[in-house]
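Both blocks below hold the same protein chain, though in two forms, and each is given as structure tokens: structure 1 and structure 2.
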Structure 1
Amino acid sequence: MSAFSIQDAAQTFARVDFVMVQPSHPGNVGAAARAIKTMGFERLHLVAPRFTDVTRHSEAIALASGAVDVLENAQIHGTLSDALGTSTLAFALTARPRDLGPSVCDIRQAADASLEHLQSHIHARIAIVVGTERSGLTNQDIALCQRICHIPANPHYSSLNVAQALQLAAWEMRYALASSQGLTLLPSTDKSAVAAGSEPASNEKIQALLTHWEEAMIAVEFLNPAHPKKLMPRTRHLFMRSGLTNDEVDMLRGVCTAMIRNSRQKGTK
């Protein structure tokens, strides 16, 4: 069994860093914190941000929403070299083709390569790097990374907001890591909260419903008790073969109550 497989998800996700180089808009920093937290990550690094107090900036806090903890714990570095000090595989996200530099992959290939890297080396660390809002990463920035990474986008308009780019990268990373550990990829529901209502209704409850139903039919003068014909036997067969749940019986009982109440109100006018 590999070193990766014996670690829990939180420890694995903690070995992935997201790095923003010279971010100038506090809102993007806050949005980035939110973006990575929604995917289960928490390590945000800021390289020479325009505002030194960006993690306390009101716009950053507003855009972080429920991810203020990630924002507050963001590490600030003077250089990208410092930010990548502990990483063993760094991906430079860029939309522009480069004549020189590391090998190129798309974001899904980057996630797969990251998974393999983390599985193979117990002390491995991944870094996802994005550049400034206006000009992206410089060639010098990219030279510090092991791979160039592209997000497949509209070739006629491939420029992504940096927080959006991190959201996509974090999603691909989550999908790869979560799938490898057998984590669910779909939202879960509290089954215990809905189990009782979804259970088949007992015969006793259905018989009580039939009695209530008959009262309601009489109240709205749909059923003439002096000449009932086959209305109630047919209703009984309908309800008995429908496999009603507890919630469905309660709903129909509510309909009966409303019918009887409205009939009485009309009778008093």
Structure 2
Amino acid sequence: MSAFSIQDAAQTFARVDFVMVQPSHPGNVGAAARAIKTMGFERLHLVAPRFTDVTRHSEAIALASGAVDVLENAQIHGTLSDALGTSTLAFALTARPRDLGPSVCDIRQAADASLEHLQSHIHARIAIVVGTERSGLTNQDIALCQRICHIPANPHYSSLNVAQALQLAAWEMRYALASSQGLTLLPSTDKSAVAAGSEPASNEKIQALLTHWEEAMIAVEFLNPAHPKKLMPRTRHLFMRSGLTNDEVDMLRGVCTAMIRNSRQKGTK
């Protein structure tokens, strides 16, 4: 059983991404860059920002303070789905919990779960996702995340802005990851020997599975595209929650292929 070395620690921090969906104010992106850098993180992603080139906005530069490098290296994506392509465990950060959707945890529980996930799977990547300043994440955004993560603020005044919310989430992530250093927390199994098939599937793979699943449901006439009801949202919820491995995704896609082929054989007879 080996302890984390300093190098491992830096590598572990580099496996956490912070994603801002449709930020409207460059200043908030600057403040977010500063917030995550103070906690030792540096990977910032912007999904469809409502401005061009954030580094040209003086307010963003001013609020980023010494974290302009994080701002300059921020990656821009067209959709949240693209931004989460390599993520294996994404948390939708919300002020308020929702009735539907993935299971809810608070940011400390999210940080503990992230540490465990990163230690258990060598290719695992964490994403912390925040929504627009005004309205937060849409249900569609949330459906792309495995978990909902809630900041239990004052119920009478829970007015945290996105940078403050990211500050708290990054702090909890830092505390969990840093606390684990020097402790013999890595499990004794040799992770390099774990077959790739047992690794958690990326978000991209799960989205592709869901698309394939929908086709198969239509093929076997379980899903009527004219009246889809809530079949696909419910299936999405189930698949996202289950921590599917690469092997399991492949197996389920094999099932889809068989369903579609089987229904076509019927049609050609």
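Just so we're on the same page, residue numbers count up from 1 along structure 1's sequence. Note that the coordinates shown come from a computational prediction; the quantities given were computed from them, not determined experimentally. Basically, rigid core = biggest C-alpha set you can superpose within 1.5 Å across the two forms.
As summarised for this chain, the second structure is the form predicted together with another copy of the chain, and the first is not. With the core held fixed between structures 1 and 2, residue 21 has its Cα displaced by under 2 Å. Relative to the superposed core, residue 220 undergoes a Cα shift of 2 Å or more between structures 1 and 2. After superposing the rigid core, the Cα of residue 66 is displaced by less than 2 Å between structures 1 and 2.
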